[in-house]
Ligand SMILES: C[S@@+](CC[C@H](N)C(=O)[O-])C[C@H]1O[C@@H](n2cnc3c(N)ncnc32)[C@H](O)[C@@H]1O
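Quick setup: one chain, the form predicted on its own, written in structure tokens, and binding and motion questions come after.
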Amino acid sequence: MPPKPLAVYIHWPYCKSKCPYCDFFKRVQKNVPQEKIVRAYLKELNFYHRLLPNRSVCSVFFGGGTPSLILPDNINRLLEYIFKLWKHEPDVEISLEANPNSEYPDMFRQLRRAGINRLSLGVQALNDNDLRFLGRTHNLKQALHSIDEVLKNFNNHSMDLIYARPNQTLDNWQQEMEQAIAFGFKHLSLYQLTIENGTPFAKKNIQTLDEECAANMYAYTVNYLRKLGYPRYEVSNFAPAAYESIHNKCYWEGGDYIGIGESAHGRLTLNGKFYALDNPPAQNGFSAKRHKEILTATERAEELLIMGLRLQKGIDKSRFKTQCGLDFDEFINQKAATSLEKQGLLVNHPNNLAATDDGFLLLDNLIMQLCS
């Protein structure tokens, strides 16, 4: 078989401030030495090219942190180097996450000129009170201006929103969804607010919306967007088929990807073995040592189940066996699968296993039972 296409994730951990709900690795720092960091990224890319010289790249994703803080010249420099090392697929997707408060005039036009062809805008809420509550550094006016700029400069774009905020009602969320759809984004990423241990929200004992209200919001969202041509293709992501994220589907479908930068991780198939790689945070932020671990067939199978069941289409059993070497029906807990199917939470066909609409509301529990 030809080598698998490769997805490249570039992690920019730096932010101007940290949102109180965020539990990702980030550094809040001014005067970031971009030249030094970019040189370190180029060295990492060289390392992976020596390891994987014959791959082609299907996607590049600049995540963070706040990757819209990277100077466009440095983005272009990284992209040119990636495509000097590897060929790319004809429909290569080059995504960047951006905050609505632009760092300089015509930021989005410059990002487009730097080589970004898909822009993901982290709006998170469409009113000033909730933006302040979420610790966002932009207001609604800035968000609306940035939305206009993104739509003007990109043909492929996505907007992030957070729902199930404290005191949010279903009516509030319905109005927000109607407004979001009216903008005309090709893709929507909608995340339920969760309070993670160690975050400022957890330390303040902030309480999320009760589970029933949150479930009602999610069910409404799925049905509403489906009718408007934005079907759920992953638990939190909605888009017509042509605008599903190539990069993120690589994660969910068990593809190969490399992570560049501090705290980034990757998954690789090499010589018939599957590797987990990560770059743990370094004391000075530049010299993180890569960890490489061979995953057992069972560990690989568990990851494929956890990620694959997030997809609307579920898990292709034949592909599963090709990816980990185990028979899917023998790997899962069949007693649990039968019970969950009878409860209307799973659809289990000979070639495929997928969650139902009700199953998506209990996805973590389904996965736990299938792996037990």
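Start at 1 with the first residue shown and count on from there. All values derive from a computational prediction rather than experimental measurement.
This protein has a second form, the form predicted in complex with this ligand, left out of what is shown; the following refers to that one.
Out of the listed residues A239, L193, V92, I147, L193 is the one that sits within 4.5 Å of this ligand in the model of the complex by at least one heavy atom.
When you look in the model of the complex, the only residue of K186, R136, R300, R165 with a non-hydrogen atom within 4.5 Å of this ligand is R136. The three marked residues, C22, T66 and Q124, each reach this ligand in the model of the complex, with a heavy atom inside 4.5 Å. This chain is displayed without this ligand, yet in the model of the complex the stretch 57 to 65 from 301 to 309, 57 to 65, 32 to 40, 333 to 341 comes within 4.5 Å of it by heavy atoms. Looking at D160, you'd find a heavy atom of it within 4.5 angstroms of this ligand in the model of the complex. Among residues of the shown chain, E97 is one whose heavy atoms approach this ligand to within 4.5 Å in the model of the complex.
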